[in-house]
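Next up: just one chain, as structure tokens, the form predicted alone.
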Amino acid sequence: MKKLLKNSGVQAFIASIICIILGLLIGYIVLLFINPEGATESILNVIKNFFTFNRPKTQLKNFGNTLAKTMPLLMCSLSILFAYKVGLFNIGTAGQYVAGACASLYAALAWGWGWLPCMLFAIVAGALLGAIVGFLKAYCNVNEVISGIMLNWIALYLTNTLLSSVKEVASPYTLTLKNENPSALLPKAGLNELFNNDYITIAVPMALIIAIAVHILLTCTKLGYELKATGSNKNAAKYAGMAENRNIILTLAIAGGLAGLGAAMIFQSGYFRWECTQSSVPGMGFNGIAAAFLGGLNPIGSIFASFFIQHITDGGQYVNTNFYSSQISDLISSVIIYLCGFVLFIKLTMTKMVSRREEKAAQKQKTQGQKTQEQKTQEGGDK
């Protein structure tokens, strides 16, 4: 049992489960305080999400909606954890996500590009924004959190300005890809029929493959080792002959490219259109922080964490609005997402508990050994 508790993966899993249970419990208590009559039904609907429907086809379609929105969240999660593994906090993921959305939509609607060039352009746009943060960090010693937050807002308003030229006349939303440039939509490869949902595309298997690739890059390659070494100690990496400044820029460029790719996955599926009057950065980038930590900062764990967070978020729309306002679903989701930040704290607490028990057991064994030795010595003296 002690060996299991010392395992990092087991610790991350237990910590995540604790955070999820606490989040749901707090959400349920809030519902009880507001109106106890519909609390149980509403919290169960949040948990069930698409299972609230009776027809299997409707369940499958709504499951597809959740799955489609999970892919960009997964990419943002990978962006966060990739930088974090290298000792950097990429708070600029939200802005890089926005840059990816801008690049893919503008290339599709203004220039008529196909789906692959649009997606690659989104990756480049996100990577460029990340590289700017990396350059400022490496050569000007500007904290990546400060520059990342500033670039979030620059990216948002620049995107609003650029995409205003390809929006509908009577609404603030961009033109529909399906009508204006169907070639920019991601191929479905038959997945839409499997899930009974037109928004399910090759983004689903692509995101899963990328998550596995990130895991391999960080754990099994020389580049991954150098990046993590640079993050652990920049000066030591420099002394060992590593290009520490290049590694910082490369890390944030890769992280930015992942976030930009996430935006392309959802906007090029046709699920969302950009609203050119947005005054706040999309929450997808910030939710990626929660998904990364809930997944134990592991790319594979982030797959399940991203799906769970999106599942709970979508399940919030089935809260009984006869008893509660529509914002209560956002409150429940926010509480759970907030508690995800305590995963590392819980893991650290578990590690300390196991260490203390081992110390006590070792001390007890040492004391018993001393007593046994004393008894043997006494018996030898008596003889």
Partner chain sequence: MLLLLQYTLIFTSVLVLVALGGCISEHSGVINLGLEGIMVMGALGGALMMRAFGTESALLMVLAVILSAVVFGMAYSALLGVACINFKADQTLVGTALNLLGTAAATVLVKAINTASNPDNHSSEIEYVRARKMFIVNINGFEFNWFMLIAVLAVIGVAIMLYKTRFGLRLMACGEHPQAADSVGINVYKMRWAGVLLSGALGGLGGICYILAGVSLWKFENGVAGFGFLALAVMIFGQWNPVRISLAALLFGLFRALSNTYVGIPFLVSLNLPSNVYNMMPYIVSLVVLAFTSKTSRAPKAEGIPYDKSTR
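C-alpha atoms forming the largest set that superposes within 1.5 Å between two forms make up the rigid core. Numbering follows the first chain given and starts at 1. Note that this is a predicted model, so its numbers are computed, not measured.
This next part talks about the form predicted in complex with its partner chain, which is not shown.
Trainee: Hey, in the predicted bound form, is residue 106 touching its partner chain, heavy atoms inside 4.5 Å?
Mentor: No, residue 106 is distant from the partner.
Trainee: Can residue 279 be called a contact residue for its partner chain in the predicted bound form at 4.5 Å between heavy atoms?
Mentor: Judged by the heavy-atom cut-off of 4.5 Å, residue 279 is in contact with its partner chain in the predicted bound form.
Trainee: Does its partner chain get within 4.5 angstroms of any non-hydrogen atom of residue 142 in the predicted bound form?
Mentor: Contact with its partner chain, yes.
Trainee: Spell out, yes or no, whether the shortest heavy atom distance between residue 147 and its partner chain in the predicted bound form is within 4.5 Å.
Mentor: Result yes; residue 147 sits at the interface with its partner chain in the predicted bound form.
Trainee: Has each of 91, 136 and 161 got a heavy atom lying within 4.5 angstroms of its partner chain in the predicted bound form?
Mentor: Every residue of the candidate spot has a heavy atom within 4.5 Å of its partner chain in the predicted bound form.
Trainee: Okay, which stretch from 352-360, 65-73, 311-319, 29-37 lines its partner chain in the predicted bound form, with non-hydrogen atoms inside 4.5 Å?
Mentor: Selected range: 29-37.
Trainee: Find the only residue in 266, 227, 125, 289 having a heavy atom within 4.5 Å of its partner chain in the predicted bound form.
Mentor: Partner contact (heavy atom, 4.5 Å) among the options: 289.
Trainee: Check each of 248, 214, 151, 184 and return the one that places a heavy atom within 4.5 angstroms of its partner chain in the predicted bound form.
Mentor: Exactly one listed residue reaches within 4.5 Å, namely 151.
Trainee: Kindly check if the Cα atom of residue 58 is displaced 2 angstroms or more between the shown form and the other one relative to the superposed rigid core.
Mentor: No: residue 58 shifts by under 2 Å between the shown form and the other one.
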